[in-house]
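Presented as structure tokens, the chain that follows is alone, the form predicted on its own.
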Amino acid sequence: MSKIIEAEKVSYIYQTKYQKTKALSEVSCSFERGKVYAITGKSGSGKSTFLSLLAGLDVPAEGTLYVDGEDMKEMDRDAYRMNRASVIYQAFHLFPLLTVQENVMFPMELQHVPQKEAEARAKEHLAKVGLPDTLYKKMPNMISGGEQQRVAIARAMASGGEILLADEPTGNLDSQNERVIVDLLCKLAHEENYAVIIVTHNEAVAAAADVVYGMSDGALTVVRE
């Protein structure tokens, strides 16, 4: 299995006018396609900061993040987020004035995919996440939280990237919908060859992962692999 992302002694510092806070301290790990990774830890441990670096929202203060061997500092990080890595959020972050199908089409419109092709691919992705076509024309506020999160996952897939980054993706869901979302993310990794990286404090979510990393005070350790 090829490593799609490698972190080498990655550190990150939040700096204000009055103080510096080291949010990550020499984090080293790697992520492969076809696997689900969980990053666990208490609030403030650094896990969401690490996820934001993996998403290309910032670059390390020290150390290096490689994507397929390329230093992220040298990459076009906007293009990376548009075409290769997608973030799935706890609060879904769907566009309220777009239909379910239009939400999934949105990243393809940014990539200038022709409309007919974008429509067909959106329907394909929505079917993959188990949503019936009776929901495609509905607005996000007309469907359940579990269904909204599946739309968010379909939208993440629509970019065509192979990296799915999930920040507490089941945090707003009941246990039944949590199971559906976790099973779906595992299926995407194992059957569709995505690298799925989940930040979570939920033990049931972490238990489903292939590899579990723990984070405490900005330092990362291997819990299970």
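Note that residue numbering follows the sequence shown and begins at 1. Everything numeric here is computed off the predicted structure, so don't read it as measured data.
Absent from the display: the form predicted in complex with a small molecule. The rest refers to it.
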is_contact(residue 23, the small molecule) in the predicted bound form, heavy atom dist at most 4.5 Å
yes
Closest heavy atom of residue 172 to the small molecule in the predicted bound form, within 4.5 Å or not?
no
I'd like to check something about residue 63: if you look in the predicted bound form, is any of its heavy atoms closer than or equal to 4.5 Å to a heavy atom of the small molecule?
no
Could you confirm whether residue 9 comes within 4.5 Å of the small molecule in the predicted bound form, counting heavy atoms only?
no
Decide yes or no: are 43, 47 and 201 jointly within 4.5 Å of the small molecule in the predicted bound form, with each residue judged by its heavy atoms?
yes
Partner-proximal stretch of 158-166, 47-55, 177-185, 25-33 relative to the small molecule in the predicted bound form, 4.5 angstroms, heavy atom
47-55
